[in-house]
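There is one chain below, alone, in structure tokens, taken in the form predicted alone.
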Amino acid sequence: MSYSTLTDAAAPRDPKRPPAPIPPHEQPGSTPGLRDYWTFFLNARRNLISAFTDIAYEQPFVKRKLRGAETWVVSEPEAIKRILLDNAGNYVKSQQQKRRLEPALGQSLLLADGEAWRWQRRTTAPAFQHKKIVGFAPLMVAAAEDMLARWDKEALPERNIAREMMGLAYDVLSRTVFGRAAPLAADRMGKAIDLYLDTAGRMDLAAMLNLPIWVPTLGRLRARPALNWFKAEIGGAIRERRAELARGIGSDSGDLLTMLLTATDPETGRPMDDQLVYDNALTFIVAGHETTANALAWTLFLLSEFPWAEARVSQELAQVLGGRTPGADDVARLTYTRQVLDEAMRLYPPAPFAGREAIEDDVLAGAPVKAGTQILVSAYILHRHRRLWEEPDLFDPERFAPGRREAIHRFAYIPFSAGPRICIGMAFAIQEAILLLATILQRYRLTLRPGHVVEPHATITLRPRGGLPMKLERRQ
């Protein structure tokens, strides 16, 4: 099966390869044995993106069978379109994905299916309307300015930029979700999220063997302190805001928590109970701040690795902003900055894996799919697929230049998923990322500590293992 490739002989490409694991080789046509499955599990346990063989990056789909259950890794855009759009109702969230996320995020918009998902989507949609998102721009920039003021005051020559971006993105979410600067301790929240992702988020035998979701795992037990902290702190904030609203205080505050507490389904008038408000508030915090922070960190890392791109971004910022504070209207004007962000999310998609399960028989890429088949759609594999992208492991923001972006198949580039379940916060995240990058890069130039080895590490999200120690140079 052939794919349409993206080529542009006139566009220069830097031959330097950004860090990523080399996929292990698999002989075409071979049948994996038990030893191969065990090797996969061990590799996945350490780093999920290192477990898939080169076949996954070359074929439209790869089939595997274990304990009678069949799993497909699907990388054919039209098949992905059928999974995520044309026949989305047949492909529900997989048990593996629910096993890893449901203990924290419950029945939130991210994990619900069917009518439960539809009414939550209708109810939360007003919170992410364009006018609402634009109104959050000053809060986003203010969070970045506060971080930079702290950098100026402390004058440290080096910082862990991965951790700094986590704190910054969390501050943005605090101001927009809760309506105030960091109502919950950023350090405690960061540690709780780290614990959850590093325990419940790791591959385990229960997931490998597709065991029922109720089967207890060591990772889930180790994640319990983080879950208890989430419930105490965020649950307390919800109860406090609910009490304020009952007294007629803050109903017009405009933050997302208030909107969740006061929102009703436009079709049925049904409100969210406190448990669903909690599930969705935690989803916005964990998923929203974690993914945006990773996108920012990887973008800043790539600009450090490719000074020619950093110089062009700086030139664009000078031309468009002239040293002033960016605003929502500038997001569309910063076209090259957006290209770099998009290329960073291609190479290092913040959410690298999405699992689905077929509930009825279907056909994908001309092949029959049985009910019960586990489907893995990996943005990481898809974005580096040999038949979809020319030199996919290289950094090339020109892939997303006007006139070339339009040639990319809509379902070949899915950093925010696609179809009806596309991330509801996509526009929020893009505006946030562009505004934060513009604010930071006007003030500082960042370069990776010499000799530091960067390794992308996947659990539920894609982080740089061990962080990103970067030197800070104040611009004149």
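Numbers for residues come from their place in the sequence shown, where the first is 1. The model shown is predicted, which means the values in this text are computed figures rather than measured ones.
There is also a form predicted in complex with protoporphyrin IX containing FE (HEM); it is not shown, and the following applies to it.
*Asks:* At 4.5 Å between heavy atoms, only one of the stretches 396 to 404, 330 to 338, 234 to 242, 346 to 354 reaches protoporphyrin IX containing FE (HEM) in the model of the complex; which one is it?
*Replies:* In the other structure, the partner sits against 346 to 354.
*Asks:* Considering only heavy atoms, tell me if residue 117 and protoporphyrin IX containing FE (HEM) come within 4.5 Å of each other in the model of the complex.
*Replies:* Although protoporphyrin IX containing FE (HEM) is absent here, residue 117 would touch it in the model of the complex, with heavy atoms inside 4.5 Å.
*Asks:* For residue 409, is any heavy atom within 4.5 Å of protoporphyrin IX containing FE (HEM) in the model of the complex, or not?
*Replies:* No, no contact at 4.5 Å.
*Asks:* Does any heavy atom of residue 44 come within 4.5 Å of a heavy atom of protoporphyrin IX containing FE (HEM) in the model of the complex?
*Replies:* Taking the distances in the model of the complex, the answer for residue 44 is no, it never comes within 4.5 Å of protoporphyrin IX containing FE (HEM).
*Asks:* Looking at the partner-bound form in the model of the complex, is residue 431 within 4.5 Å of protoporphyrin IX containing FE (HEM) by any heavy atom?
*Replies:* So residue 431 does not count as contacting protoporphyrin IX containing FE (HEM).
*Asks:* Among 416, 61, 52, 444, which has any heavy atom within 4.5 Å of protoporphyrin IX containing FE (HEM) in the model of the complex?
*Replies:* In short, 416.
*Asks:* Tell me, which of 378, 299, 123, 292 has a heavy atom within 4.5 angstroms of protoporphyrin IX containing FE (HEM) in the model of the complex?
*Replies:* By the 4.5 Å criterion, the partner-contacting residue is 292.
*Asks:* Enumerate the residues of 276 to 306 that have a non-hydrogen atom within 4.5 Å of protoporphyrin IX containing FE (HEM) in the model of the complex, in sequence order, or give none.
*Replies:* If the 4.5 Å heavy-atom criterion is applied to protoporphyrin IX containing FE (HEM) in the model of the complex, 276 to 306 yields 283, 284, 287, 288, 291, 292, 295.
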